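One chain is shown next in structure tokens, namely the form predicted alone.
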Amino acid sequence: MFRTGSGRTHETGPAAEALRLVRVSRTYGTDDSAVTALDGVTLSLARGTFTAVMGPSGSGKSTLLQCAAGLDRPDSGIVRVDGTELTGGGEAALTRFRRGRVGFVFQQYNLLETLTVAQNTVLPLKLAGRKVDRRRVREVLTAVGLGDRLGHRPDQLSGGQRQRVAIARALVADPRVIFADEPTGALDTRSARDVLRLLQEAVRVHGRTVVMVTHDPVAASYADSVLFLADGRLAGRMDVPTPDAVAERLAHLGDDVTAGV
């Protein structure tokens, strides 16, 4: 059974706090082969913010995103999205919550090659049994620059266009929180810039909350703030990030991990 903070229900409107993790830990494997991906992480993100998550390889970035999005279950701790606690609920209820409140954008797009742009975009609505508003779908696809590509299939699109479809698919269900895992990792510089601006617009114009894992300091500079991870723990935060400042902080994090600090 999902629990809502302060007795709030979804119908009363969005929570002021988009995401809260309390002492969240996640370990993979057992005994000598056990690897601690997250080690007691506590954080809070306000609604209507764009946050980048960065750290060295193996620092726990993707695990943090997956646990926060309800795609993976932590071993301990509390995960609360839009005021609703995800930990402790059944799988069916968790799936329903994700479909109604959470959007996902991944590096590999995850589009079905046999479906058109429009069909890929509405797929989450159909899976959730929700009514499809064709005008809304067209508006969203036009907003991401694909208004003239509704009938195209993924193999007729560039990488940047495919990622725009993935963003439209995340937006069309009106999620409260959008989780993006390396959304620009496979894109050229121009396409990456366009995708990052779309994510910014989702926050600044439409009031969504975006949490993005990235390894790219330039991509991170589009966010309002950056959270740094090292060895599965929070290792700092930077507000109003710039590419140079982020790169410098990352270099020090790498040194700390190598030195065992």
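What you see is a predicted model, and the numbers here were worked out from it, not measured in a lab. Sequential numbering from 1, following the sequence displayed.
What comes next is about the form predicted together with a small molecule, which is not displayed.
The partner is absent here, but in the model of the complex a heavy atom of A37, alone among V226, M212, A202, A37, sits within 4.5 Å of the small molecule. Contact check for T51: no non-hydrogen atom falls within 4.5 Å of the small molecule in the model of the complex.
Proximity of P56 to the small molecule in the model of the complex falls within the 4.5 Å heavy atom cutoff. In the model of the complex, the small molecule sits within 4.5 Å of a heavy atom of S62. Partner proximity in the model of the complex, defined as non-hydrogen atoms within 4.5 angstroms of the small molecule, places exactly one of 204-212, 29-37, 43-51, 190-198 at the interface: 29-37.
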